[in-house]
Ligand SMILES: NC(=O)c1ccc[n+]([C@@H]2O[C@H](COP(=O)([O-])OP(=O)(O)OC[C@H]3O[C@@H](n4cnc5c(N)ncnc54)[C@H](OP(=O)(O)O)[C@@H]3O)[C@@H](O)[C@H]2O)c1
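Shown next as structure tokens: one chain only, the form predicted on its own.
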Amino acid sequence: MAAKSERRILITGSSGFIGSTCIRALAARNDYLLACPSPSQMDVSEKESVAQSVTKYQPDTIINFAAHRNANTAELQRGDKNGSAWLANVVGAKNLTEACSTYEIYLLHISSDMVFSGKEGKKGPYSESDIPENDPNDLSWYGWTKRQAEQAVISNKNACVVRIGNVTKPIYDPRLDYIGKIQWLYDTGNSYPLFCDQNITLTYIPELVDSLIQLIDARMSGIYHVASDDVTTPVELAEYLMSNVRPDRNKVKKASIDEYLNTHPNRYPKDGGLMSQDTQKRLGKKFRSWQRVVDCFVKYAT
């Protein structure tokens, strides 16, 4: 039997890049009792599966990391509400929201900066109060599914949405780490041109973990942005990174996102990124600049 002071937290998507890192930090807390069912044990797209897990684990908090995260494969499913992207991102979020509303469970949902288009006339970086797109034709299919998920979650007053940008952590992992992948591509001779005219922000996973803990403990509601305190471009970031870790390398290859978007409309926001000043104020935190995030990667992961 869990002690009274323990929070019973059910975590979906616990094996993913972000979820697995967060779990290690949460597990170090002696006042958290974690349940991390695998997708086969708890399918968020199946209402009955969600209900069974809630009954089994009796959580007072659910953190939803579960998602179809690959924006490229999601785009191939555009318009398909039976596809894995829609089922995981939208149906899953709706099922969790309904269960949390029924059983008075606090829900913390991880979302994305890709709910914004970054288009002319709607440029970022975006604050927590900015309204995301309401037209699927202005977003990638991945971005649209995350937008629909947000709308479901935020309808529950006992829930919060945490938007993140390009994720990185101080452990070298080239698969999904935004900074790590840039270095890995250089080291393997597979570099490709990076956008010189796209605005992005970074999410440093240790800062995300600290923010999630604070949100859980205070059961805060609303929308939050966990992102670097300023914007950069992929080229600017890569040049700064490589000057620190591979100064003998050739210059970073450059490309324009406009050329890419001509053939892949809405795939990425051009003038995107997240402003996090309101979140920092509400949480009493100061997030790192993108240069500081790269510095931490260089110090601990290289």
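The structure displayed is predicted, hence computed values, not measured ones. Residue numbers run from 1 along the displayed sequence.
Keep in mind that the form predicted in complex with this ligand is missing from the display, and what follows is about it.
Colleague: Evaluate Ser15 for contact with this ligand in the predicted bound form, applying a 4.5 angstroms cut-off between non-hydrogen atoms, and reply yes or no.
Modeller: Yes, Ser15 is a contact residue.
Colleague: In the predicted bound form, is there a heavy atom of this ligand that lies within 4.5 Å of any heavy atom of Leu176, even though the partner is absent here?
Modeller: Leu176: contacts this ligand in the predicted bound form.
Colleague: Decide whether Ser45 counts as a contact residue for this ligand in the predicted bound form under a heavy atom distance cut-off of 4.5 Å.
Modeller: It does: once this ligand is placed as it appears in the predicted bound form, Ser45 has a heavy atom within 4.5 Å of it.
Colleague: Does this ligand come within 4.5 Å of any heavy atom of Tyr142 in the predicted bound form?
Modeller: Tyr142: yes, in contact with this ligand in the predicted bound form.
Colleague: Please determine whether each residue of Phe65, Arg69 and Ser112 possesses a non-hydrogen atom within 4.5 angstroms of this ligand in the predicted bound form.
Modeller: Contact check passed for all of Phe65, Arg69 and Ser112.
Colleague: Let me know the one among Ile164, Cys160, Ile216, Ile182 whose heavy atoms come within 4.5 Å of this ligand in the predicted bound form, would you?
Modeller: Of the listed residues, the single hit is Ile164.
Colleague: Taking 4.5 Å between heavy atoms as the contact cutoff, choose which of Ala88, Ala99, Leu107, Ala152 touches this ligand in the predicted bound form.
Modeller: For this set of options, the contacting one is Ala88.
Colleague: At 4.5 Å between heavy atoms, only one of the stretches 254-262, 52-60, 34-42, 237-245 reaches this ligand in the predicted bound form; which one is it?
Modeller: Stretch with heavy atoms near the partner: 34-42.
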